[in-house]
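One chain comes next, on its own, written as structure tokens: the form predicted on its own.
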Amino acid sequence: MTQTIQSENPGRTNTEQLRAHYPEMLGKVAVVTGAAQGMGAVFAAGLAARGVHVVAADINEDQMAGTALEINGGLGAAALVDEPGRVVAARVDVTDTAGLDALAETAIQEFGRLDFWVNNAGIFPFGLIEDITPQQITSVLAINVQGVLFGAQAAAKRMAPGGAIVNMSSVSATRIRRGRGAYCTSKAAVAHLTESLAVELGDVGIRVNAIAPGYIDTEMTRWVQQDPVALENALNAVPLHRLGAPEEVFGALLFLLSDSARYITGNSIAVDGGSQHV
């Protein structure tokens, strides 16, 4: 499976493959939610290529099964190690605590351990403040925030000291986007929740960090690329003057899961081309 999404605007995205890998991760086991497409699929493929077994989960069971089949089928050419990991597809609704517990148990049953958990599932609703409905705010907080909390709970019950959890926040946690009040609120909550989880789970030797992507070349930002004015505004707001690639977000994830980050917890790493400084 291709680990980056090619931009419709050549030269605006660096799609070069990352060759980095961490030998200590070989044979470890990760759970990735929201993995049927987009960055979640890139995460699952990238980890498997580096020898990590992955339970890849999504609410779309059929699409997740197809993605896992594609990743496993392409690991021969994509693998960076002699023994690539295996990807097992699972269904999960991250608002269902019992389902998250079952997902964690799947990792134990399939691979005998659980080392990493990536809370990637999320939704990206649009709505001006006056138009946000009770259903919309309830849904975005349930998926984007409660899903992170309960996913971390399920993981922490089964992880040994040295385990690592990574949550997906966003630069929107600290920067306002018109029409994204519900989304920005949820990601600000994720950033703060990450700190709380890090403090409490540090007692049992589990690290918790977050990644805050900016403009990344995925389906979620396709609307920006299709609007010349919006694209120009976006690129002008990024000091590197290009969109990021999902593989570049994966690079931050790989580091945070590795032993190279073993004394890093409670932090949010922005992968945004420097846009938070503009």
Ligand SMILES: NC(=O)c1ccc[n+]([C@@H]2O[C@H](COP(=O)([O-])OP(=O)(O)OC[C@H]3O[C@@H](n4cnc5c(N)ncnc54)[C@H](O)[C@@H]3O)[C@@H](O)[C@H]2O)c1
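Throughout, we count residues from 1 along the sequence that is shown. Keep in mind it's a predicted model, so treat the numbers as computed, not measured.
Keep in mind the form predicted in complex with the ligand is missing from the figure; the text below concerns it.
Colleague: If you check in the predicted bound form, do I123, K187 and T221 all have a non-hydrogen atom within 4.5 Å of the ligand?
Modeller: The answer is yes; I123, K187 and T221 each reach the ligand.
Colleague: Name the single residue among L114, A154, I165, M168 that comes within 4.5 Å of the ligand in the predicted bound form, judging by heavy atoms.
Modeller: None of the others qualify; the residue that does is M168.
Colleague: Heavy atom within 4.5 Å of the ligand in the predicted bound form: which of A107, A182, V92, L197?
Modeller: Result of the distance check: V92.
Colleague: Name the stretch: of 130-138, 69-77, 168-176, 201-209, exactly one has residues whose heavy atoms fall within 4.5 Å of the ligand in the predicted bound form.
Modeller: One stretch meets the cut-off, namely 168-176.
Colleague: Using 4.5 Å between non-hydrogen atoms, is P239 touching the ligand in the predicted bound form?
Modeller: Flag for P239 set to no.
Colleague: Do F250 and the ligand come within 4.5 Å of each other in the predicted bound form, heavy atoms counted?
Modeller: It does not: once the ligand is placed as it appears in the predicted bound form, F250 has no heavy atom within 4.5 Å of it.
Colleague: Does any part of L149 reach within 4.5 Å of the ligand in the predicted bound form? Heavy atoms only, please.
Modeller: Close contact is absent here: in the predicted bound form, L149 is far from the ligand, nothing within 4.5 Å, heavy atoms only.
Colleague: Taking heavy atoms and a 4.5 Å cut-off, does I59 contact the ligand in the predicted bound form?
Modeller: Result yes; I59 sits at the interface with the ligand in the predicted bound form.
Colleague: Which of the residues spanning 134-164 lie within 4.5 Å of the ligand in the predicted bound form, based on heavy atoms?
Modeller: Stretch hits: a single one, I143.
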